[in-house]
Ligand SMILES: C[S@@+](CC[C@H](N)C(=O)[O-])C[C@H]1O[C@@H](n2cnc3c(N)ncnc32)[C@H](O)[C@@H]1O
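The data below hold one chain only, encoded as structure tokens and taken in the form predicted on its own.
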């Protein structure tokens, strides 16, 4: 993808597969996974007292709640955090965390026109950018809501560095889905995931009017306690798209088949997935 291209959207992930159960699973299972990388991103951005922060793709609000503690006590100095997510069920879970300096709304990264121009100091995207098909449009929206000199920070999934081969965990799940009766309902292995290389990220940011300050690939380790937990995390973090292509009556059997394959990857620590995160930070010119 170039800085001016638009990815095709005919295989974009569906928002219709989410459920109360998946939202609850994400709240629980993302804590030792995405949440920790989000906290590091917030620290790297230097988010501090009095700042106005937009958390795009906030999910169930764990990171937004953490950032609300960084911007200061409610009403003390004007600091405020708004979390937006296109999944209403996740926003329902997040709303429990709302307080005077923390709010949540259903919102679309591609259309932030309802928010005032230059109304935020920081925009954060934690494990979100790879879900956005039209990256130039989304970055233009982030530039719109950021003040001059405002900061954007994101960590996202880069293309697999191992020559396109799937990670062992994803390969095991794909093998399970290649067996009958699941093979009658094919789907693309990376449906709806639009990854960029570091230099592509730099070009995208610059084209949108940002000055990159940090673009680096960091190692990322995910540990799942059991095969079943690995499947549920993958299903919850993809908001149901992992198995959304299957008829509902086949999904329990598919989960069991995936877990059976994943059992071969178990170690004394659990299922350990060695991966990478692309971390990008920039300033609005």
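Residue numbers count along the first chain shown, from 1. Note that the structure is a prediction, hence the values are computed from the model and not measured.
Below: the form predicted together with this ligand, not depicted.
- Although the partner is absent here, residue 56 is a contact residue: one of its heavy atoms lies within 4.5 angstroms of this ligand in the predicted bound form.
- Residue contact with this ligand in the predicted bound form: residue 220 places no heavy atom within 4.5 Å of it.
- The closest heavy atom approach of residue 120 to this ligand in the predicted bound form falls outside 4.5 Å.
- Mapping the unseen interface onto this chain, residue 197 falls outside it, with no heavy atom inside 4.5 Å of this ligand in the predicted bound form.
- Only one segment in the set 172-180, 144-152, 201-209, 106-114 has residues whose heavy atoms sit within 4.5 Å of this ligand in the predicted bound form; it is 106-114.
- Of the candidates 82, 87, 71, 139, 87 is the one whose heavy atoms come within 4.5 Å of this ligand in the predicted bound form; the others do not.
- Counting a residue when any of its non-hydrogen atoms is within 4.5 Å of this ligand in the predicted bound form, the hits in 228-244 run 237, 239.
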